[in-house]
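Okay, so here's just one chain, in structure tokens, the form predicted alone.
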């Protein structure tokens, strides 16, 4: 009997890529492939790339080299956003056998099977479909990611995503509902709705609010988390959904800048005033809500005063976490041609200021949970026998109890914070809820 072929996966970038890799990996397992760690010798390497920044491109190239060094005779398939953005260039790389763009990513298994069967492979002969992924029964994560949307129509001046992901497209709601019911039957306790621009979901009579509302009514013991979203289009009507016990009180809404002038240059679809009012309203409606965000520093033309407006916005809102990015030029974007490029050392200094303030806010936010209860989904049993996972507010928690079970909900009384680069809540007095 032939030994099963081995396959290794590497994913870079967003949760949409994570979802797609999970789905692809599950398909390979069903075809009797054996998954091995990336960097080990394998018959096949699948690298799902990101191209959102220059650093993302560099990381993707490094992983291609890692695969080639692990087994120069293995087959390497490069897919994802970098594969779309630099398709012709990557096809000249001798370390890569196949370059599969985002439109054909669902065909990665078919490409591999055709290769191992000795067939001539033309990527364009395979079906182009953004949503033709089967529900994954086995994934690399405790949570089940659910892709509901792809592409973006906003065309921010700094962003390459519309070029590599295409125009906004929404998945049919009945497919989403069926996907969720299937993964719940597989035993998943948390689902994460993901896409490029979730708030722009629109399919027939369903917008994102109606879709989310009906997802929350699906029977089962699970909770729903919303992945990164844009701030345009949200209202009190949508925010009321967080009264539902299944919807976790956390949103990652991308601010990017607290300056009205910089947001205009970025061609963002909202104002700083709108974002601030929205955030304050959300926090008033749901005290203790975890609002996290992205901020870009050093956008072309950003002055010290405009950067100061971003810091003031952060202080006013009090984010639970901030992802900070130093602006980098992306070829093919309008910002590439803008005047007033900020010096590298200035971007580094501003980035450090944002990080310092963000760390202070994060510690303050997490300290507020001491003496309160979090419903924690255990993701890992640690080496010392205790457990770790995330509470409903998407804050990491270590449970100082032994004998707990992974993929199980527990109510945890938070008693302290473990010091470190990532302040982690910890507590005991566990009450099993299911």
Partner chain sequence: MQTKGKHRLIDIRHLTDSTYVLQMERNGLQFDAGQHILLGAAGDLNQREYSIYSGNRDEYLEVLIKEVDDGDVSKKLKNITIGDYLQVEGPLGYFRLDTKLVPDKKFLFISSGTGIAPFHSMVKSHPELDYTVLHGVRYGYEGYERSHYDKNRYIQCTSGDETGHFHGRVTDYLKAHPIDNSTICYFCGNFKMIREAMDILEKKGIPHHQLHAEVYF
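Residue numbers count along the first chain shown, from 1. These numbers were taken from a predicted model, which means no experiment stands behind them.
Here the subject shifts to the form predicted together with its partner chain, a form of this protein not shown in this document.
Only one of 258-266, 77-85, 354-362, 93-101 places residue heavy atoms within 4.5 angstroms of its partner chain in the model of the complex, namely 258-266. Site residues 203, 207 and 393 are none of them in contact with its partner chain in the model of the complex, judged by any heavy atom within 4.5 Å.
Put simply, residue 141 is far from its partner chain in the model of the complex: not one heavy atom of it is within 4.5 Å. Proximity of residue 271 to its partner chain in the model of the complex falls within the 4.5 Å heavy atom cutoff. Within this chain, residue 325 is remote from the site of its partner chain in the model of the complex, having no heavy atom within 4.5 Å.
Under a 4.5 angstroms non-hydrogen atom cutoff, its partner chain in the model of the complex has residue 167 among its neighbouring residues. Just one of 240, 337, 125, 315 comes within 4.5 Å of its partner chain in the model of the complex, counting any heavy atom, and that one is 337. A single residue from the set 305, 277, 214, 221 has any heavy atom within 4.5 angstroms of its partner chain in the model of the complex; that residue is 277. Scanning 141-159 for heavy atoms within 4.5 Å of its partner chain in the model of the complex gives 153, 154, 155 in sequence order.
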